[in-house]
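In the block that follows, a single chain appears as structure tokens, in the form predicted alone.
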């Protein structure tokens, strides 16, 4: 019971500290903006540790963060091998292929209106297909190694990027396009100097959505067949062995990889779309 009391006191203390920092005179500083979520996350981890140990929660239900951290530190070679197999080979390669193909097709669709009317509804239908239905088929087609995981990722990221890119290319106003025609600009000149720059916020929105879909798709695809490595393989086998600390260690790796991946795309977006109101301070 004393652990629960400590957990409540810790939550109240963390809450009050964050409120003071968030409403203080330096609330808009970079250090405070980083410190507030750090304190919040650390508070949750400490409360998690106290409640699990205080209530004697079985390890097969929820291991404490200290056990997960110990397993993480003791399994770095395995976790790195799984990271390379799932993220670098499967998710990243499928992400690059799928996004590049979607971008090229979006330009073709924008050039020919009948494709936009006929292809985009089919794309919306394909995007709605459940991954648990398509992943086993693609695994059977492309084998059990990373190629099949990349194929699943391509299917998952292709249509969100396609739809966002087509929407961005059509975002310019009639007056802007008329002005380019007045200057005698060709289609390619209008595309490069007006429409693509205006579409960049939409394109990056699709790319950021695809970062999450890519990692989730690669992990889920490994549940339907993979070599003896990979995040999805490790999670499924560890659950069968009731090694929940290893499952959570893989979840931590996936969360870190997904966060850094999303952050890298967002940082690249800031450099490309510095002119957009959303990037201005």
Partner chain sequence: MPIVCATGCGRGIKTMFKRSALPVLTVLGVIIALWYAACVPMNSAWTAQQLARSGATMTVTETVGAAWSQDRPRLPAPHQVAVELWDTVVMKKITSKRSLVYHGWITLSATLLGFAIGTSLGILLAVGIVHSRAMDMSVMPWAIVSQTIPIIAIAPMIIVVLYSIGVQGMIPKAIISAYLSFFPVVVGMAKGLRSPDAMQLDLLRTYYASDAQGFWKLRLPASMPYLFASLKIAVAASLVGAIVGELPTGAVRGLGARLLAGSYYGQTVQIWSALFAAAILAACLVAIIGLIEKVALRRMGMRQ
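Just so you know, these numbers come straight off a predicted model, no measurement behind them. Numbering follows the first chain given and starts at 1. The term rigid core refers to the maximal set of C-alpha atoms that superpose within 1.5 Å between the two forms.
The next section is about a form of this same protein that is not shown, the form predicted in complex with its partner chain.
In the model of the complex, residue 227 stays away from its partner chain, with no heavy atom inside 4.5 Å.
Although the partner is absent from this view, residue 9 stays clear of its partner chain in the model of the complex, with no non-hydrogen atom inside 4.5 angstroms. At the 4.5 Å threshold, heavy atoms of residue 118 reach its partner chain in the model of the complex. Its partner chain in the model of the complex comes within 4.5 Å of a heavy atom belonging to residue 137. The stretch in contact with its partner chain in the model of the complex, judged by heavy atoms within 4.5 Å, is 129-137, chosen from 129-137, 71-79, 94-102, 195-203. Scanning 208-234 for heavy atoms within 4.5 Å of its partner chain in the model of the complex gives 212, 215, 216, 219, 220, 223, 224 in sequence order.
Superposed on the core, the two forms differ at residue 20: its CA moves 2 Å or more between this form and the one not shown.
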